[in-house]
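Given next, in C-alpha coordinates, is a single chain: the form predicted alone.
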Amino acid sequence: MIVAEGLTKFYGERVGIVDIDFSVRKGEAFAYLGPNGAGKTTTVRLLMGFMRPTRGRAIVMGVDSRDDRKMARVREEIGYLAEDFSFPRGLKGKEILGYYSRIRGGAGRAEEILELFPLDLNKKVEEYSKGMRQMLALALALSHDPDLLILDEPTTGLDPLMRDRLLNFLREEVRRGKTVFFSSHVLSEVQRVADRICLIKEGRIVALEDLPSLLSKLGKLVKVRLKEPLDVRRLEGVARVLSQEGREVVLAADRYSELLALLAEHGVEDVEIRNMTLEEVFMHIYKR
(Lines give C-alpha, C1' and ligand atoms only; values in the text may rest on other atoms or scores of the structure.)
Protein backbone atom coordinates (compact mmCIF):
# COMPACT_ATOMS: atom_id res chain seq x y z
CA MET A 1 0.00 0.00 0.00
CA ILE A 2 2.91 2.36 0.72
CA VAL A 3 6.55 2.21 -0.36
CA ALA A 4 9.14 4.83 0.59
CA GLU A 5 12.43 4.66 -1.31
CA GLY A 6 15.28 6.91 -0.20
CA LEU A 7 12.73 9.52 0.82
CA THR A 8 14.60 12.71 1.74
CA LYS A 9 13.51 16.26 2.50
CA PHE A 10 15.66 19.27 3.36
CA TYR A 11 14.31 22.69 4.34
CA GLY A 12 17.21 24.78 3.15
CA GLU A 13 20.08 23.57 5.32
CA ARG A 14 17.76 22.03 7.91
CA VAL A 15 17.20 18.28 7.77
CA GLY A 16 13.64 17.01 7.58
CA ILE A 17 14.19 13.33 6.82
CA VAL A 18 17.06 11.47 5.16
CA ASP A 19 17.03 8.22 3.15
CA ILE A 20 13.80 6.83 4.59
CA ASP A 21 13.05 3.32 3.28
CA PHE A 22 10.04 1.26 4.35
CA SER A 23 7.00 -0.49 2.96
CA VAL A 24 3.54 -0.93 4.44
CA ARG A 25 1.70 -4.12 3.56
CA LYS A 26 -2.02 -4.33 2.93
CA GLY A 27 -3.90 -5.22 6.10
CA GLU A 28 -1.32 -4.15 8.68
CA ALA A 29 -1.05 -1.42 11.27
CA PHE A 30 2.25 0.39 10.79
CA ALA A 31 3.35 2.82 13.49
CA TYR A 32 5.79 5.60 12.69
CA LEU A 33 7.36 6.79 15.92
CA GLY A 34 9.68 9.48 17.06
CA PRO A 35 9.92 12.48 19.38
CA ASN A 36 8.70 15.91 18.30
CA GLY A 37 10.81 17.19 15.42
CA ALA A 38 12.01 13.74 14.35
CA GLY A 39 10.39 14.01 10.90
CA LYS A 40 7.05 12.22 11.34
CA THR A 41 4.82 14.96 9.91
CA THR A 42 7.29 15.66 7.10
CA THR A 43 7.05 12.02 6.06
CA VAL A 44 3.24 12.05 6.18
CA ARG A 45 3.07 15.18 4.02
CA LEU A 46 5.41 13.62 1.48
CA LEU A 47 3.29 10.45 1.38
CA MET A 48 0.19 12.54 0.74
CA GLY A 49 1.87 14.50 -2.04
CA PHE A 50 1.55 17.84 -0.26
CA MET A 51 5.31 18.41 -0.61
CA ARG A 52 7.96 17.31 -3.08
CA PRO A 53 10.91 15.32 -1.74
CA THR A 54 14.41 16.66 -2.18
CA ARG A 55 15.22 13.18 -3.47
CA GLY A 56 13.74 9.71 -3.36
CA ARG A 57 10.08 8.89 -3.83
CA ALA A 58 6.95 7.51 -2.19
CA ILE A 59 4.52 5.15 -3.90
CA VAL A 60 1.04 5.22 -2.36
CA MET A 61 -1.59 2.78 -3.60
CA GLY A 62 0.49 2.27 -6.73
CA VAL A 63 0.91 5.99 -7.52
CA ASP A 64 4.05 8.10 -7.24
CA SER A 65 3.18 10.88 -4.79
CA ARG A 66 5.06 13.35 -7.02
CA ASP A 67 2.42 12.86 -9.75
CA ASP A 68 0.00 15.65 -8.81
CA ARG A 69 -2.81 14.62 -11.15
CA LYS A 70 -2.93 10.95 -10.15
CA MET A 71 -2.24 11.69 -6.51
CA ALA A 72 -5.25 13.99 -6.33
CA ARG A 73 -7.47 10.99 -7.12
CA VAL A 74 -5.62 8.74 -4.65
CA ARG A 75 -6.10 11.28 -1.86
CA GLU A 76 -9.87 10.94 -2.31
CA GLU A 77 -9.56 7.25 -1.44
CA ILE A 78 -7.37 7.70 1.65
CA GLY A 79 -8.70 8.27 5.16
CA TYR A 80 -6.36 11.13 6.08
CA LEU A 81 -6.06 12.98 9.37
CA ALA A 82 -3.56 15.83 9.56
CA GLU A 83 -1.80 16.72 12.78
CA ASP A 84 -2.93 20.33 12.34
CA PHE A 85 -6.29 21.06 10.75
CA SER A 86 -8.99 23.72 10.90
CA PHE A 87 -12.68 24.05 10.10
CA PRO A 88 -14.49 27.08 8.69
CA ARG A 89 -15.80 29.26 11.51
CA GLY A 90 -19.51 29.84 11.82
CA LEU A 91 -20.53 26.36 10.63
CA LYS A 92 -22.18 23.73 12.76
CA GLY A 93 -20.83 20.22 13.00
CA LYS A 94 -23.78 18.85 10.98
CA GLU A 95 -23.18 21.41 8.22
CA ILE A 96 -19.53 20.39 7.88
CA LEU A 97 -20.49 16.72 7.94
CA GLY A 98 -23.14 17.35 5.27
CA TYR A 99 -20.67 19.23 3.08
CA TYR A 100 -18.15 16.39 3.21
CA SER A 101 -20.90 13.83 2.60
CA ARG A 102 -21.94 15.63 -0.59
CA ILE A 103 -18.32 15.67 -1.77
CA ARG A 104 -18.00 11.95 -1.04
CA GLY A 105 -21.34 11.14 -2.65
CA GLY A 106 -23.03 10.01 0.57
CA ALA A 107 -22.70 9.84 4.33
CA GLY A 108 -21.03 6.41 4.23
CA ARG A 109 -20.12 5.24 7.72
CA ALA A 110 -20.43 8.68 9.29
CA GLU A 111 -23.31 7.71 11.61
CA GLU A 112 -21.46 4.57 12.75
CA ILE A 113 -18.30 6.56 13.43
CA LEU A 114 -20.20 9.21 15.36
CA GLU A 115 -21.61 6.53 17.64
CA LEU A 116 -18.01 5.99 18.74
CA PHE A 117 -17.36 9.72 19.05
CA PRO A 118 -20.63 11.32 20.19
CA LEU A 119 -20.80 15.01 19.30
CA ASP A 120 -23.37 17.74 19.49
CA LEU A 121 -23.62 18.41 15.76
CA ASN A 122 -25.85 21.45 16.37
CA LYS A 123 -22.95 23.33 17.93
CA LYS A 124 -20.71 25.59 15.89
CA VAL A 125 -17.20 24.22 15.50
CA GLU A 126 -15.64 27.19 17.31
CA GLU A 127 -17.59 26.08 20.38
CA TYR A 128 -15.98 22.65 20.23
CA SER A 129 -13.10 21.70 22.48
CA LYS A 130 -9.86 20.41 20.96
CA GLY A 131 -11.00 16.85 21.59
CA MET A 132 -14.39 17.47 19.96
CA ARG A 133 -12.75 18.94 16.86
CA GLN A 134 -10.45 15.90 16.75
CA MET A 135 -13.48 13.58 16.91
CA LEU A 136 -15.19 15.41 14.05
CA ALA A 137 -12.01 15.28 11.96
CA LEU A 138 -11.72 11.53 12.62
CA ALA A 139 -15.35 11.00 11.62
CA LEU A 140 -14.73 12.84 8.34
CA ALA A 141 -11.51 10.91 7.65
CA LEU A 142 -13.07 7.50 8.32
CA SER A 143 -16.62 7.91 7.06
CA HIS A 144 -16.03 6.81 3.44
CA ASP A 145 -14.67 3.42 4.59
CA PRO A 146 -11.18 3.87 3.11
CA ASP A 147 -8.86 0.92 2.50
CA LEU A 148 -5.87 3.01 3.60
CA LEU A 149 -5.77 5.25 6.67
CA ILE A 150 -2.94 7.77 7.11
CA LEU A 151 -3.31 9.35 10.53
CA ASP A 152 -0.90 11.90 12.00
CA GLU A 153 -1.13 11.82 15.83
CA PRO A 154 -4.76 10.61 15.79
CA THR A 155 -5.35 10.59 19.58
CA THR A 156 -4.33 14.21 20.18
CA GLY A 157 -6.83 15.94 22.46
CA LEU A 158 -8.98 12.85 23.08
CA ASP A 159 -9.92 11.89 26.62
CA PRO A 160 -9.00 8.38 27.86
CA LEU A 161 -12.40 6.89 26.95
CA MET A 162 -12.33 8.26 23.39
CA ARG A 163 -8.69 7.17 22.96
CA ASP A 164 -9.65 3.66 24.02
CA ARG A 165 -12.56 3.59 21.56
CA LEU A 166 -10.39 4.85 18.71
CA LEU A 167 -7.63 2.31 19.35
CA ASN A 168 -10.16 -0.54 19.45
CA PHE A 169 -11.73 0.77 16.24
CA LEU A 170 -8.36 0.90 14.43
CA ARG A 171 -7.49 -2.62 15.53
CA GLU A 172 -10.87 -3.82 14.25
CA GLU A 173 -10.30 -2.03 10.92
CA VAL A 174 -7.04 -3.94 10.50
CA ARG A 175 -8.91 -7.19 11.17
CA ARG A 176 -11.27 -6.18 8.36
CA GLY A 177 -8.29 -5.95 6.01
CA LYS A 178 -7.76 -2.20 6.16
CA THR A 179 -4.26 -0.72 6.22
CA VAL A 180 -3.37 1.80 8.93
CA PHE A 181 -0.30 4.04 8.84
CA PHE A 182 -0.14 6.28 11.89
CA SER A 183 2.41 8.51 13.52
CA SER A 184 2.48 8.88 17.26
CA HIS A 185 4.61 9.50 20.33
CA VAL A 186 2.18 7.83 22.77
CA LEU A 187 3.93 4.50 23.10
CA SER A 188 1.41 2.65 25.26
CA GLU A 189 -1.22 3.28 22.58
CA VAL A 190 1.07 2.16 19.79
CA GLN A 191 1.75 -1.10 21.60
CA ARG A 192 -1.98 -1.86 21.54
CA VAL A 193 -2.46 -1.33 17.80
CA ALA A 194 0.74 -1.76 15.78
CA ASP A 195 1.93 -4.84 13.91
CA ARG A 196 5.18 -3.22 12.84
CA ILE A 197 7.05 -0.21 14.13
CA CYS A 198 9.44 2.24 12.52
CA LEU A 199 11.45 4.44 14.87
CA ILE A 200 13.03 7.62 13.54
CA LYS A 201 15.54 9.87 15.22
CA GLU A 202 16.69 13.21 13.79
CA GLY A 203 15.13 12.33 10.44
CA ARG A 204 16.69 8.87 10.08
CA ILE A 205 15.35 5.38 10.72
CA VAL A 206 16.95 3.75 13.76
CA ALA A 207 14.73 0.65 14.01
CA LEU A 208 12.18 -1.06 11.75
CA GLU A 209 10.74 -4.32 13.07
CA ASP A 210 7.58 -6.15 13.95
CA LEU A 211 6.41 -5.39 17.47
CA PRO A 212 7.30 -8.71 19.17
CA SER A 213 10.83 -8.67 17.73
CA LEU A 214 11.41 -5.10 18.82
CA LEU A 215 10.16 -5.77 22.35
CA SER A 216 12.41 -8.81 22.70
CA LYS A 217 15.44 -7.14 21.12
CA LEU A 218 17.07 -6.19 24.42
CA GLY A 219 15.96 -9.30 26.30
CA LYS A 220 14.11 -9.32 29.61
CA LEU A 221 14.07 -6.36 31.94
CA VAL A 222 15.63 -7.19 35.32
CA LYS A 223 15.32 -4.86 38.29
CA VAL A 224 17.43 -5.97 41.22
CA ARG A 225 18.39 -4.58 44.61
CA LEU A 226 21.65 -6.01 45.86
CA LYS A 227 22.89 -6.25 49.43
CA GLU A 228 26.08 -4.42 48.42
CA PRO A 229 27.03 -2.31 45.36
CA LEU A 230 28.37 -4.39 42.47
CA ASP A 231 29.60 -3.60 38.95
CA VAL A 232 27.25 -5.90 37.01
CA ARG A 233 28.37 -4.92 33.50
CA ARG A 234 30.72 -7.89 33.10
CA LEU A 235 28.43 -10.55 34.50
CA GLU A 236 27.38 -13.30 32.12
CA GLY A 237 23.87 -12.78 30.79
CA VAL A 238 23.89 -8.98 30.97
CA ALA A 239 23.02 -7.50 27.59
CA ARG A 240 22.91 -3.87 28.71
CA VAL A 241 22.90 -1.97 31.96
CA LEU A 242 20.08 0.55 31.66
CA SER A 243 20.65 2.31 34.98
CA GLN A 244 22.51 1.79 38.25
CA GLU A 245 22.29 3.82 41.43
CA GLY A 246 24.20 2.25 44.28
CA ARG A 247 22.58 -1.10 45.03
CA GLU A 248 19.63 -0.54 42.64
CA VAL A 249 20.28 -1.89 39.14
CA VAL A 250 18.06 -2.01 36.05
CA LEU A 251 19.40 -4.07 33.16
CA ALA A 252 18.49 -5.98 30.04
CA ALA A 253 19.33 -9.67 30.26
CA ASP A 254 19.47 -12.10 27.36
CA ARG A 255 20.23 -15.10 29.66
CA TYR A 256 18.56 -14.15 32.89
CA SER A 257 18.65 -17.60 34.53
CA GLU A 258 22.46 -17.64 34.50
CA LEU A 259 22.52 -14.01 35.56
CA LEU A 260 20.29 -14.60 38.58
CA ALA A 261 22.52 -17.43 39.74
CA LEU A 262 25.54 -15.11 39.59
CA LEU A 263 23.70 -12.28 41.34
CA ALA A 264 22.59 -14.64 44.10
CA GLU A 265 26.25 -15.22 44.94
CA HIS A 266 26.56 -11.53 45.75
CA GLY A 267 23.33 -11.28 47.75
CA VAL A 268 19.97 -10.18 46.33
CA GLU A 269 17.38 -8.39 48.45
CA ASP A 270 14.72 -8.02 45.74
CA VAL A 271 14.33 -8.83 42.03
CA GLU A 272 11.75 -8.28 39.30
CA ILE A 273 11.87 -9.88 35.84
CA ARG A 274 9.46 -9.03 33.04
CA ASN A 275 9.16 -8.27 29.34
CA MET A 276 10.15 -4.80 28.27
CA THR A 277 7.52 -2.26 27.32
CA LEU A 278 7.75 -0.34 24.07
CA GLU A 279 8.46 2.81 26.06
CA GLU A 280 11.50 1.22 27.71
CA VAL A 281 12.87 0.01 24.36
CA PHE A 282 12.19 3.44 22.87
CA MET A 283 13.97 5.27 25.69
CA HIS A 284 17.01 3.01 25.37
CA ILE A 285 17.27 3.53 21.61
CA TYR A 286 16.88 7.30 21.86
CA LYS A 287 19.39 7.70 24.69
CA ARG A 288 22.14 5.90 22.80
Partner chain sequence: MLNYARFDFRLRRRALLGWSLVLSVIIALTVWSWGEEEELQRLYEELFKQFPEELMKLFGKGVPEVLGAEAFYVLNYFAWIYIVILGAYLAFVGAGAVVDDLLERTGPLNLSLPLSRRDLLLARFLSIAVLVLGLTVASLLATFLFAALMGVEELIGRNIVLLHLHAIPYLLLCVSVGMLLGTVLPPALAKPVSAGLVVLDYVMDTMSMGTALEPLGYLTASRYFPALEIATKGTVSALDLGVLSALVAIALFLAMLIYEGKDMPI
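Because the structure is predicted, anything quoted here is derived from the model rather than measured. Residue numbers count along the first chain shown, from 1.
This protein has a second form, the form predicted together with the partner chain, left out of what is shown; the following refers to that one.
The closest heavy atom approach of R45 to the partner chain in the predicted bound form falls within 4.5 Å. Although the partner is absent here, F85 is a contact residue: one of its heavy atoms lies within 4.5 angstroms of the partner chain in the predicted bound form. Although the partner is absent here, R52 sits close enough that one of its heavy atoms falls within 4.5 Å of the partner chain in the predicted bound form.
The partner chain in the predicted bound form is not approached by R176, whose heavy atoms all lie more than 4.5 angstroms from it. Shown without its partner, this chain lists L149, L140, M132, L167 as candidates; in the predicted bound form, only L140 has a non-hydrogen atom within 4.5 angstroms of the partner chain.
Site annotation in the predicted bound form: the residue of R171, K217, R104, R109 reaching within 4.5 Å of the partner chain with a heavy atom is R104. Screening 159-167, 94-102, 109-117, 183-191 for residues having heavy atoms within 4.5 Å of the partner chain in the predicted bound form returns a single hit, 94-102. Annotated contacts: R196, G246 and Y256 are all free of the partner chain in the predicted bound form [non-hydrogen atom within 4.5 angstroms]. Using a 4.5 Å cut-off on any heavy atom, the residues of 50-80 that reach the partner chain in the predicted bound form are, in sequence order, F50, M51, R52, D68, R69, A72, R75, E76, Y80.
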